[in-house]
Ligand code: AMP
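Before any questions on binding or motion, here is one chain by itself as structure tokens, the form predicted on its own.
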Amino acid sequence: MTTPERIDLHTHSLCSDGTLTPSELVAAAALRAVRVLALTDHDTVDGCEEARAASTAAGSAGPLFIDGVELTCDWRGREIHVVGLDIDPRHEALQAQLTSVRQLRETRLVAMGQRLDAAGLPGSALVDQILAESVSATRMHLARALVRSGQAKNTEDAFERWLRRGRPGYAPAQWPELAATVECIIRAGGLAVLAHAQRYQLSAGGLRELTARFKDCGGAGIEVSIAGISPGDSDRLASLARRYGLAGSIASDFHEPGIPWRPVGRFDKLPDGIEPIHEELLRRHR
């Protein structure tokens, strides 16, 4: 039985492509009475220590903080994201994978800059500035830079016009395999959660195959309640969770304030018959 409380197990800070510092993120979560908060920056755990300290300093007014990360990986040539919850940020194998993937991110972003150059945009100049300022550079950084330079109305427009698969600025990358990524999370003591599966543009059969493979690899959960998801997609993901015995995760995928449909700390219930993964996190931290 789920309870109507604010849980957020997928957020980002300035350490990847969010706009708040880890401390500011924790403060924003505290203002919204978030009970459990995970910081899951893209392929970096650099913000976890600061966020944990801020949560501890807030005492009972702050959330239970969970060390997390969002890892980028590959399944059948498609980029997939897996959230690791309650990981050991200092785990040696995890650190090695994070370093490797960030290098892949930089190489990819350089290639995207060059493709934007060929399309008549100042892509390489924008990428050079991003790499000088960011530890874990993402396409979101480039989308924001395109907006600032007047090449797009907003970040959604930047992705749609320039950065999505098939657009002039898109470049692929050879990410680590799904199985190796899930294993890395488990070895670091964490729970692996399949992130925003509704975004992967898979057929119903393809999504079932991905979910089954994720479970076979040792996956523990799937994001069922996430900002921006349609009721139909939520129902489909809940059905997959039940079918493959995965716990459900509640998440905002928060990046920045001011987006009304994606606040930090979502007030939502999971569908009936779905075990909340935050209950396992609470058991671990009693």
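Just count from 1 along the sequence shown to find any residue number. Just so it is clear, the structure is predicted and the values come from calculations on it, not from any experiment.
Although not depicted, the form predicted in complex with this ligand is the subject of the following passage.
This ligand in the model of the complex comes within 4.5 Å of no heavy atom belonging to Glu92.
Contact annotation: His255 falls within 4.5 Å of this ligand in the model of the complex, judged by heavy atom distances.
In the model of the complex, this ligand lies within 4.5 Å of some heavy atom of Thr138. Although the partner is absent here, Tyr200 lies well away from this ligand in the model of the complex, with no heavy atom inside 4.5 Å. Proximity to this ligand in the model of the complex, defined as a heavy atom within 4.5 Å, holds among Asp216, Glu156, Glu177, Glu133 only for Glu156. At a distance of at most 4.5 angstroms from this ligand in the model of the complex, none of the three residues Asp74, Arg78 and Arg208 contributes a non-hydrogen atom. Stretch-level contact analysis of 116-124, 100-108, 180-188, 200-208 against this ligand in the model of the complex, using heavy atoms and a 4.5 Å limit, identifies 100-108. Contacts of stretch 32-68 with this ligand in the model of the complex, defined by any heavy atom lying within 4.5 Å, are made by His42 alone.
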